[in-house]
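Okay, here we've got a single chain as structure tokens, the form predicted on its own, with questions on binding and movement later.
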Amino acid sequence: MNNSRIPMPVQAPEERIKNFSEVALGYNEEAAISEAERCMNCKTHPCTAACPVGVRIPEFIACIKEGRFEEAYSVVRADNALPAVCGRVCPQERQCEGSCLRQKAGGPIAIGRLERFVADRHAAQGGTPSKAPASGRKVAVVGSGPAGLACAGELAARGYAVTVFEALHLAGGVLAYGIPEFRLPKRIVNQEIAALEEMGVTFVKNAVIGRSLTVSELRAEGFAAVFLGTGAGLPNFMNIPGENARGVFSANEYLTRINLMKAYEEDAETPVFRAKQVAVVGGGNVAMDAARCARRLGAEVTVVYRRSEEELPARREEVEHAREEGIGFAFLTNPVEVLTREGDVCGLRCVKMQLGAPDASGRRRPTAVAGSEHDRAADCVIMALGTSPNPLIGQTTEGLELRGRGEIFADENGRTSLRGVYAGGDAVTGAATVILAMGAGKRAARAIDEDIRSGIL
């Protein structure tokens, strides 16, 4: 039996910075079986306990060991509506793989890579999910991001007629507009959405709930329940001098132009600024995505982060890939002004930081070092500082309780202050991960089913 984790084949860095094709190439059958054989099938199954959607991980890995790949897919798909997506973008190292008992014996089982393998193989074989018997009730899902898709998939599997309302012209939410092609090909997102359509889910696009229809109007149209999975797409800024200059972008806008509008293509109708020196402010996965996109557009790129590398919230794999692609990092550095010349960005004024006592996030609080001001060259600054929920739903839904920065108040099962209205994902928690949003969507779907069956709705 192999003791060491099977490496993922990837595009060479010198080649991938010239294209937007997927970096990680995936396991073949031989590699998948070899990696699966490393699983000890321990009695406690900590990996399943650490999965936000409760995938029966040892069970699907056991199927791979024996070459029963379609059965492995069925096991995963029973709990996860988007296995090909999650296998690519979930932070497995902090969840299922982070709890694996093989941590110190050749590395944790590559659960995400195996999940991707069975999902990709299933799609290549042309498999289709089965439809559940119709319940006769219909449910509206607002937003087609991870929370909405997971909720829709769970409800469809229980026989509900689900209609998903999406504000944009393409379904997928952050999966479509936020995550780059080289990390999550859009054909994968489209495959997962097509699988939901085959289960009977209907997608209505260009429908801005709160404008086209209100939540109360959806209920009046006969939807037994409404799930709000509207995400958190409102970008945050630093509010420093010069931040309104030409050449300053939110990561949301920058990535939407590239991912949704394909602005990197030569004949793209939507332009994107092709800068020479880019500073990306922030340290999460969105910052890595923006930095790696800018690098592929020909820029020299530096990620500016106010804490140390140890506190960097981005996935280790994404940081390693960024470094391999020639992206620099300025740690313990914080912008205080965007420098301009005739209205255009010409640099970034920063101060050095030092770490003090932990703050509310549990990370050590950064404070400025006196007299450390310095300037960095840049003709483009991308702010990747997190996001907040769009206020539209809150403004147009009377009686819906909000909190904090406009997040929807919901209990652990997604029930909001309004009867028949449920919510989950980033709209409730603020910006988080794909899999946490999916877990929330799945729990809300179960609550909806419970409330309908019990006669509450």
Partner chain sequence: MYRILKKQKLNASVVRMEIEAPLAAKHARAGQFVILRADARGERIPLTIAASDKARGTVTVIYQIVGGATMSLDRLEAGECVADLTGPLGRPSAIEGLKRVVVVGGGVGCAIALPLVRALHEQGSYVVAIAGFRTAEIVILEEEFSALADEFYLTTDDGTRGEHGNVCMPLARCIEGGKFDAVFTIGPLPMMKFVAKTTEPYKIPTIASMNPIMIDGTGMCGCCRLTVGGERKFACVDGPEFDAHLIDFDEAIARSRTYRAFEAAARARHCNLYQRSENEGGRYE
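Just so it is clear, the model here is predicted, and its values are computed rather than measured. Residue numbers count along the first chain shown, from 1.
Keep in mind that the form predicted together with the partner chain is missing from the display, and what follows is about it.
- When you look in the model of the complex, the only residue of Asn206, Gln125, Ser372, Gln103 with a non-hydrogen atom within 4.5 Å of the partner chain is Asn206.
- This chain appears without its partner; in the model of the complex, the one residue of Val76, Val248, Val201, Cys350 with a heavy atom within 4.5 Å of the partner chain is Val248.
- The partner chain is not drawn, but in the model of the complex it has no heavy atom within 4.5 Å of Asp359.
- In the model of the complex, at least one heavy atom of Pro271 sits within 4.5 Å of the partner chain.
- Heavy atoms of Arg211 reach within 4.5 Å of the partner chain in the model of the complex, making it an interface residue.
- For Gly284, no non-hydrogen atom is located within 4.5 Å of the partner chain in the model of the complex, even though that partner is not displayed.
- If you check the partner chain in the model of the complex, you find a heavy atom from every one of Glu217, Leu234 and Glu265 within 4.5 Å.
- The stretch in contact with the partner chain in the model of the complex, judged by heavy atoms within 4.5 Å, is 257-265, chosen from 77-85, 142-150, 257-265, 95-103.
- Heavy atoms closer than or equal to 4.5 Å to the partner chain in the model of the complex belong, across 161-191, to the residues Ala167, Leu168, His169, Tyr177, ordered by sequence position.
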